[in-house]
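First comes one chain, alone, set out as structure tokens in the form predicted on its own.
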């Protein structure tokens, strides 16, 4: 009798441990998608994979953090975690009496090493969807489990936000086209904030490589009050076209972040700025 009671207690304790571990795994997995919405889902048929794209509410002009979740199309309860993924954003612009023009946008493809079983990446959409300009986001998947490849294609709508966080400009020194995206702050607050930019060069209609060869200077100001703020830190290059620094907002309201892009100490931009509201 005593032996049976001990076995019951042991079994119960083991069940609690297993349940706790499963619950913790679910929490860890779900945290990767906290604050995100499922924007699109479909199938990369050749890769035997279901593709989900998660992001913040919608696609928009600017730097979009996107998360790809892959499922085995033969067993939709099983996630695919051994794969590599490539984003291919394409805008087709219809022009009266002319052949349609197609161009891409800067991307940061997910690493082959997933984060909590999902694949984070980014796309910087450079213009909004219009009646004559339609975006499609293609997600190419190489499923290493089966060594198969396929592409899921999604027709998407890219919105134009009230306060733009991306600009395309031509450098004043060598006439290169650069895409400057403000990645952070996404939810600015009073006080010191992380600020981050990316720079990509428009090398061609389909080619937007990251560029680490520039320097960025920032000067925040509050136009309605006629003042700036102290202790800002100019963004410095951290690799893969990213530049990180600090910006200080001393009060609530609308702020203007003036940006100067430099090459070898010489300014190559004119009148660049981003508006943020706190």
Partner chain sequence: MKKYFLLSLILIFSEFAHAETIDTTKMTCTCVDLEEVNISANLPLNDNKVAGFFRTNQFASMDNINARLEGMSLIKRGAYAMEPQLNGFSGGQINATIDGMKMFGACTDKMDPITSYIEPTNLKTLTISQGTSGCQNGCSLGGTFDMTLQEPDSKGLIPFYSSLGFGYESISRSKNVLFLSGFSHQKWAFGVEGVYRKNENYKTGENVTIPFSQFQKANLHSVLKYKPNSKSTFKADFLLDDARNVGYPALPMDVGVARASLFALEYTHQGKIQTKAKMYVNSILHVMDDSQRDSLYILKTKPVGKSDTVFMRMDMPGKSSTLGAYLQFVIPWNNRNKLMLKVDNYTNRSLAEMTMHMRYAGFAPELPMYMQTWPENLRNVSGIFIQNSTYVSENLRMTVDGRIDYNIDRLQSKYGQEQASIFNYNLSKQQSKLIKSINFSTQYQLVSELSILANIGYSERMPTVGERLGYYLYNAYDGYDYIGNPYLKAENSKFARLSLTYSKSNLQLNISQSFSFVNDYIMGITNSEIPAMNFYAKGIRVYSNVPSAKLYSTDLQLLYSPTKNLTTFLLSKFTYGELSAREPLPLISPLKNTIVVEYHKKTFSAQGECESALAQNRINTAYNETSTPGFTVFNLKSNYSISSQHATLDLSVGITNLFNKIYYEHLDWGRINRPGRSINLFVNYSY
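Since the model is a prediction, treat every value here as computed from it, not as a measurement. Positions refer to the first chain, counted from 1.
Just so it is clear, the following notes concern the form predicted together with its partner chain, a form of the same protein that is not shown.
- Put simply, residue 215 is far from its partner chain in the predicted complex: not one heavy atom of it is within 4.5 Å.
- Not displayed here, its partner chain is approached by residue 191 to within 4.5 Å at the level of heavy atoms in the predicted complex.
- Taking the partner from elsewhere, residue 226 is found to have a heavy atom lying within 4.5 Å of its partner chain in the predicted complex.
- At the 4.5 Å threshold, heavy atoms of residue 230 reach its partner chain in the predicted complex.
- Note on the partner interface in the predicted complex: the residue among 36, 61, 222, 210 having a heavy atom within 4.5 angstroms of its partner chain is 222.
- Proximity to its partner chain in the predicted complex, defined as a heavy atom within 4.5 Å, holds among 48, 234, 248, 32 only for 248.
- Partner contact region in the predicted complex: 191-199, out of 149-157, 100-108, 115-123, 191-199, criterion any non-hydrogen atom within 4.5 Å of its partner chain.
- Counting a residue when any of its non-hydrogen atoms is within 4.5 Å of its partner chain in the predicted complex, the hits in 249-278 run 249, 250, 251, 252, 253, 254, 277.
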